[in-house]
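One chain comes next, on its own, written as C-alpha cells: the form predicted on its own.
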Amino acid sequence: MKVEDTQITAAIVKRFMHDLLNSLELDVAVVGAGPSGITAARYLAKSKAKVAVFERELHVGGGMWGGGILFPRVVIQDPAKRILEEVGVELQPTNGGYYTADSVECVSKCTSAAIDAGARVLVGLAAEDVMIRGKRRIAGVVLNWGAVEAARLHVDPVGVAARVVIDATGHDASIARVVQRKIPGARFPTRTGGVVGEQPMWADVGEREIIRNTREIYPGLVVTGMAANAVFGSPRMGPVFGGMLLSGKRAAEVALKLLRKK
C-alpha cells in the first residue's frame, strides 16, 4: 500500500483541529489529568456535561503512574473501591480495609472510561491563566503549548470558555495561585484568604480533609485532589489514592450544582 506523507499530516491536523475547535466552549474545563481530574471528567461526562481535560505534560495520570518509590502499585481505601471497580480495575484486599491496585491499570482504565463517557483529554496543553467576565467570575482558561512554556518562548496563548473551571493541578494548585496573584481582592475560604500551601505527609488527616477541601473557592473555580489540600493547607498523602478519586467525584458533583444554578 502506498503511503503519502502529506495525507498522513492532513489526517492528523484535521482530526486535532476538529477536536480542539469543539473544545473552545465548554461546560467544564478540567486543568490537570491526574486521578482526581480524570475522575471528575468521567462523572461530568456521564452526566452529559461538555467537558475537556487539559494536561501540560504528554502523559496523563499525574503521580499515579509511579506508585510508591517507583513501585507501580497504589493503595485504595474501602470508600473509594467502587470508583475503580466501575472501570474494571482489579483490586487485591490487604490488611485494615485497604486494597492494592496496579497503578498502570488504574491510569489506563480511568482515562479510557472518561473518554468513553464523552470527555475530551488534550495533552501537551498548559493552562497559564484564566479568563474573567462580569463581576470577576472565572469564565474559562488561557492555553499555550506545554513545549512553549518549557522553552520559555514568548508566544501569545489562546482562550477556552468554560462555565466552570476545575483546578486539578496537584501540589502546585497553579490555577488557584494565578487567581490569587492576578485578581485584585480575590479571597478564598481559607484561614489566610489565599493558598495556604500543603503540609508534610500525614496520610490519615490528608485523606479525611481532601473531600471537605474539594469545593468552589472563587466564583466559577473548583479545586480538587492535591490542589484542594494545597489551597487549604492540609497534609499530603503519598501513594494512597482513595481520597484523590473521591475528591474527583466530589468535584464533579460541585461543578454540576454550579451548572444548574446558571
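Quick caveat: nothing in here was measured; it's all calculated off a predicted structure. In case it trips you up, residue 1 is the first one in the sequence shown, and so on.
In what follows, reference is made to the form predicted in complex with a small molecule, a form of this protein that is not presented.
Contact check for His171: a heavy atom falls within 4.5 Å of the small molecule in the model of the complex. Although the partner is absent here, Ala176 sits far enough away that none of its heavy atoms falls within 4.5 Å of the small molecule in the model of the complex. In the model of the complex, the small molecule lies farther than 4.5 Å from every heavy atom of Gly233. The small molecule in the model of the complex comes within 4.5 Å of no heavy atom belonging to Tyr218. With the small molecule omitted here, the record of contacts in the model of the complex names 235-243 of 235-243, 21-29, 5-13, 250-258, defined by a heavy atom within 4.5 Å.
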